[in-house]
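In the block that follows, a single chain appears as structure tokens, in the form predicted alone.
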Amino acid sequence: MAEDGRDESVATDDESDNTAADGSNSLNNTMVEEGSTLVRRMEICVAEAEKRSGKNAVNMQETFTVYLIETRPMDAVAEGRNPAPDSLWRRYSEFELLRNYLLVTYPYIVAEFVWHKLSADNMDPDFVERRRIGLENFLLRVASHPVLSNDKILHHFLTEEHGWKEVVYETGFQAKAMLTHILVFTKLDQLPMLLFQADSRIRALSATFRVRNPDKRFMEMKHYSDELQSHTSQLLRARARVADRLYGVYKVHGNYGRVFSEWSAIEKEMGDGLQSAGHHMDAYAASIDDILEEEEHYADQLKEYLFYAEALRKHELTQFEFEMASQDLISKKQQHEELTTGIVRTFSFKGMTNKLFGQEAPVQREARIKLLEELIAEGEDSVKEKRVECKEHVERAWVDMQRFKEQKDKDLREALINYAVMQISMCKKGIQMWSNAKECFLKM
């Protein structure tokens, strides 16, 4: 199907160049419009997935899945026009790159975009479909955010099939991510280089235990998110247990179907009624697979909030960096005072060697004092910069936390209502099945 669509597109390229150009201009205008979120201006979906083969970075053959992103300006839909959507294919790794860029570039945003990352078989159709839904939800969440939706990298991701990776790397976000690793792990017993590749949750957790003066509002929000994570986890475990037992109950109804069908073979007057009732039982038993698949969709919506507690911890990293810079400045000022006065206030290895082997030469001492004065000047600038950055971060983060709370209430309310509606529908189907079986029995 996807191949046929591409063939038709190639066949009509010459006839639709002007239309495509107009559509591209319209899309660009839609993307850069200010004052509203992208999801209000553009229809976005991950329409389908396709298996492909090709050579990887080490020139080895591999099989992978690509996902078709379709976009369409919302004003065209509102006006009753139905233009062909602009479309392009993206690999999973490209979604992952966009996610990492957003998390590093906007550290004050409360977001922990998740989808199905691992499976025993990444080519399994059910897994690919659930991942497709997760990736679409990811794009819709980004497009509905008042800040993220206007990012130019997102624009390139949705509109430029080639060259967008280069634009991402030009931002230097990877160097910023590595710098955060270094700031968090510096002087922490000289952790091996392997930890510099650690997940952002480990970095944020390290800062949590080392921040001396955390913002009280963030602490309250973090405690709440921990409680939310606990309750959500318990709810999901309860749902899983109910689903397991429900699956068994439905499948056992297949035994009714088998018994009624076998029984009908030895009956003349009752045979048709028993066989019909058996068919209803078999259909009821088979329906549980679709029910549980729908349940998983709502469970996935709840699972997303398991990770928001981790997302909130990263807000302490900025405070941690400010405290580290302040502590380093105090240390350098103390060293400068000791060198200029000759009075050592605290124990140090350098002070011990001076006592054992004598004071260093005046020229060396003056050179060290001059170097420390330069480092102190740089440190004072760094502290001022970090203080401003921390203040701005706190203000932006607090605004986004309020947005997150509103979005969370809306999302969880919708998911729980839909789950309840699904359960009601499931019970009605059970009642309908037994009503049908009753009618079959009455006709015997």
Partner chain sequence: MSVGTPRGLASSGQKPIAEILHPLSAAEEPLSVTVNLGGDKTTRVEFDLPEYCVRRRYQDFDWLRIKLEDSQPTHLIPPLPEKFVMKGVVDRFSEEFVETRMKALDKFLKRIADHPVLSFNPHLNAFLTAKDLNKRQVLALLTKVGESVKHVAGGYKLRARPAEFCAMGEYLDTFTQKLGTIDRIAQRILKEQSEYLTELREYGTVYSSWVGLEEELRRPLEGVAGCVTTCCAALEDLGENMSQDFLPVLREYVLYVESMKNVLRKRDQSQAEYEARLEAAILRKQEDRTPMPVEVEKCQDKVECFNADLKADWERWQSNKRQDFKQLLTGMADKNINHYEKCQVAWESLITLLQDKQTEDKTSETN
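Treat the numbers as computed from the prediction; the structure is a model and nothing was measured. Residue numbers count along the first chain shown, from 1.
What comes next is about the form predicted in complex with the partner chain, which is not displayed.
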Region of this chain that lies against the partner chain in the predicted bound form, out of 88 to 96, 161 to 169, 246 to 254, 140 to 148 [heavy atom, 4.5 Å]: 246 to 254
N82 within 4.5 Å of the partner chain in the predicted bound form, heavy atoms: no
In the predicted bound form, is there a heavy atom of the partner chain that lies within 4.5 Å of any heavy atom of R239, even though the partner is absent here? yes
Though only this chain appears here, would R413 touch the partner chain in the predicted bound form if you measure heavy atom gaps against 4.5 Å? yes
Given that the partner is absent here, does T341 sit within 4.5 Å of the partner chain in the predicted bound form, heavy atoms only? no
With the partner chain left out of view, choose which of H231, K333, K152, H297 has a non-hydrogen atom within 4.5 angstroms of it in the predicted bound form. H231
Exactly one residue in E262, E373, D124, E293 has a non-hydrogen atom within 4.5 Å of the partner chain in the predicted bound form; which is it? E262
Does any residue in 398 to 432 get within 4.5 Å of the partner chain in the predicted bound form, counting heavy atoms only, and if so which ones? K408, D409, L412, R413, E414, L416, I417, Y419, A420, V421, Q423, I424, M426, C427, K428, G430, I431
